[in-house]
Structure formats: C-alpha cells, structure tokens
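Take a look at this one chain, the form predicted alone, written out in structure tokens.
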C-alpha cells in the first residue's frame, strides 16, 4: 500500500503530463475497441439460431439484391421438393449494395407467412395492424433506434412511404436492422415496380445435414429455366454478403495494431521521463531500505496505471458512442451493429496490461539496477 501511494503521488506530481498521456492512450484504445466491436458484431450476425436449417435461393450469377429477379411462382415448386418445410418469397430493396454506414433495407413478404416463418417478437405496436394495412411495416429495433422511429410514425425513403405498425426484436440479429413490408406493396413501389418477381426465397428444411442435397435439388429444378437459381445455406450467404465488411475489418485490424503501438510508445516515453527525473530520489529510497524490486515495482506500477487507466477511458468512450449512436455498417442488405461484450472488455484489459508492462520494463530495470552512489550523485 505504501508503494501504491508513492506511485499515485508521483503521477500527481506532473498532472498535465499524466493527463495528456491518459488521453493519448484513451484515444488509441477507443479506435482499437471500435475495430474489435465490429468483429464482435460480425460474429453475432453469423450466429443466428435458424441459420443451419435455412437455405437462401438467389438468382444465379447475381451479387446484389438489386439485380436478383426471380419469378414469385417458383415458390410452389420449391415447396414440393422433399425435405423442404416452408418457403418464403422475399423482395429486397436497399439504398446501397456496397459497404455503407447508413444502410436502409426493405424486405417484403406475404404478411402472415412472414410472421410464421421468422422468429420475431413485436415489442411495441400491433402485428395485426401490420397484417391488415397494406402500407404498414414492422421495423427492427436496431433500425428504429438508429432512425428514432416510434409506432405510428411514417418512414419515407425515396418513393417508398410506410407507416410503422410495430417494432420487433428477433432471434436472428441481422433482421433487427430491416423494415418488413407486404410483398405486393414493395413490388408495386416506385423504385421497384416489378410485380410478380422477388429477390430470393428463404427455405426452411427439416434436416440441416441435408442442406447441400436439398440445395442441389432446388437448383436442378430451375437449371434450364429462364431465371436459374443459386441456392446456398444461409450462413454461406451471409458470409458472401459481408465479404466487403470483412475486408474492411482486416484493414482496420492493422490500425488496431498501430493503436497498441501508440499506447506502448506513449506510456514508455512518459515513464522513462519520469524515472529519469527521479534518479536521485530512487537513490535516497535505496538508502532508506528499499530494495531493487521495490524500485522496479514503482516504475512498472506507474506504467500499468497509465495504460490501464487510459484504456478504461477509451473503453468507456467507445461504449458511449455505440450506445448513443446505434452505429452499424452494412453490405448487400446485411447490417452489422457494433457490439461491446464482456469478452472484449477483458481483451482490452489484457492488451493494455501487456502494453503497459512492456512499456515500463526497460525503465524499471534501468532504475532498479542503477548503483546507489551513482544515483545520489546524479545532478
């Protein structure tokens, strides 16, 4: 406890230097946390409970929902294939196929079938109103929070205007950032205006082990049709849709490594300057009975407090940004929210601790190994 008090007293000795170091570490760790929170969001998006038993039937050789057009009539033929439990025709309209921080995704499907097929829970509003009114929509809670929407509001995007009949949560994280409408309403909407066509079919199967077999049977059914299909497991479909996000994440992780290097440099510089100023003081401590390990602990403890304290500030700032802005990034109709989970907080603490220990190691060894007489003679 005495050593801890000495560490705290020394940090207060140069308050401006300590504050600037803490803020520098916090800024670097803020970026590191945001990068890792995107990774946590991607992992959550891929962890839907129904992904293993769901296939997505898409137009062959199409990468974007805006270019995938399939006849709605395919749904009856898909439902007759052995192993298929249900098939939901879905029309998708979005504002951008590539990576975007403000992705708006409409998904239209037959209302009653949609509610049966998707595990959604209406938190506010009335599902019956959604079924009854052709221009009504159910809005995912993540999208509603991002846009500040309430039940009864009207939401307009382009030439599409819908009334918010309810706000829902879902066991499938990627669905909480979409606007669900009636299929025919979206088909007739100005920017879409293609009655009788859909973007994809969501197919539930009875056995996840037969996914490849059933997918091949669906594609064989339409191999010679004018609009051939490409059927994949939902997990594979999501991985393909988020490939741009993964490329961004891969690059951002290099920035995260740079942030850790900045933390290391900031803390090492501050601690080295501090220990250099206190050479004679350490010599006096040695004459009073302090051992080498005590001196090393003083210097190393200072480095750890700077690294961990700054990282705690950065983590808190990142949590505030994520909670208040509801920031997300999307690609090809799949939105991924930034998430700060306990495992991420633990990882930040471990990284900060390791960086602090490494930054303080050389100054600690140098201060502890300096001879007492040489330290007392230091000007």
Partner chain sequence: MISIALDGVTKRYTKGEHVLTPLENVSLEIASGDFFVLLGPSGSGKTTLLNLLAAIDRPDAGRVIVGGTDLAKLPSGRLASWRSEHVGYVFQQANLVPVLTAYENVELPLWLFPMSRAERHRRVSLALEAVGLLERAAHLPRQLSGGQEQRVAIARAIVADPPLIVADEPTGNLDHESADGVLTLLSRLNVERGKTIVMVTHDPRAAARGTRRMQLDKGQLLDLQPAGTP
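Note that this is a predicted model, so its numbers are computed, not measured. Numbering follows the first chain given and starts at 1.
Just so it is clear, the following notes concern the form predicted together with its partner chain, a form of the same protein that is not shown.
In the predicted complex, no heavy atom of residue 232 sits within 4.5 Å of its partner chain. The shortest heavy atom separation between residue 289 and its partner chain in the predicted complex is within 4.5 Å.
When its partner chain is considered in the predicted complex, residue 239 lies well away from it, no heavy atom lying within 4.5 Å. A residue is said to contact a partner when one of its heavy atoms sits within 4.5 Å of a partner heavy atom; residue 13 meets this definition for its partner chain in the predicted complex. Interface residue among 185, 222, 157, 285, judged by heavy atoms within 4.5 Å of its partner chain in the predicted complex: 285. Shown without its partner, this chain lists 281, 202, 72, 244 as candidates; in the predicted complex, only 281 has a non-hydrogen atom within 4.5 angstroms of its partner chain. In short, of 291 to 299, 166 to 174, 267 to 275, 304 to 312 it is 291 to 299 that has heavy atoms within 4.5 Å of its partner chain in the predicted complex.
Interface residues of 5 to 27, taken as those with a heavy atom within 4.5 Å of its partner chain in the predicted complex (partner not displayed): 5, 6, 9, 10, 13, in sequence order.
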